[in-house]
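In the form predicted on its own, a lone chain appears below as structure tokens.
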């Protein structure tokens, strides 16, 4: 049996309004539609991986409220192991207020609630699940001490550790050294490197990816319409082109990407092909509304990739002359 992807992270209920544009400070605008979706970056990534046909275990916290029951049932209905999901007695379930404009761009306010109660002592109770993981995937919508704990467990047991550094913030070099795959978007890359958005472009991304590789083993910078820039531990440097789709809602495209990356790596794809697969998963999710509701299934991704005639990456020679390959468990800089 395949070792599962273990996702530790946030579980939220998303309250989504869709209108012609996103309001500015102090402004009220009329929306067109309103929906509620199951969300949270951790839960989004768990659902995306499960829909791609891979076994997934989820570790997180919800409130002891109606939202919490609904969120747990939603995860269970996707076939996700939720033994690691518990209810916090003193906090409500997390929620996210999301405004989406006509172009599919979004603005998000998150109230963490029970997600802030997922502490190392809770993770210790889930050590059997963590030790059984083929990959551990997490984000920054849970306490930083818990992210640090997860990275230490992953390093100790030679388990690849995928960190989606969202929401954007600076991170310690000690934490980054325990990361096998770091997957920042443009905003997060700027925060990690201490630069302004104007300094990051396809022409400069290699410099900042190399800077981040002073910590993390492999760095994948998600650059939206420009694609994803890959800096591999073996010397691989490559920009994987983005897929052109008509975006409806980009809310969880980054979460879909990370789940796709984890699944592709667990299936033995080399890093360029894994990133291309992840990009397809992310692109498809942006073509439909919602977070978890937007996640594509494995057959959809296969058909989408089968219809692409260009953009398939070729393996490049790495700095040491070997072909670029997926990062083996426990490998470090």
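From a predicted model like this one, the values you see are computed outputs, not experimental measurements. Numbering follows the first chain given and starts at 1.
Same protein, other form: the form predicted together with a small molecule, not shown, and the subject of what follows.
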| item | value |
| --- | --- |
| Non-hydrogen atom contact residue 61 with the small molecule in the predicted complex at 4.5 angstroms | no |
| Contact label in the predicted complex: residue 291 to the small molecule, heavy atom within 4.5 Å | yes |
| Residue contact check: residue 141 to the small molecule in the predicted complex, 4.5 Å heavy atom | yes |
| Interface membership of residue 259, the small molecule in the predicted complex, 4.5 Å heavy atom rule | no |
| Which of 108-116, 85-93, 174-182, 153-161 lines the interface with the small molecule in the predicted complex (heavy atom within 4.5 Å) | 108-116 |
| In the predicted complex, the residue from 228, 75, 98, 216 that sits within 4.5 Å of the small molecule by heavy atoms | 98 |
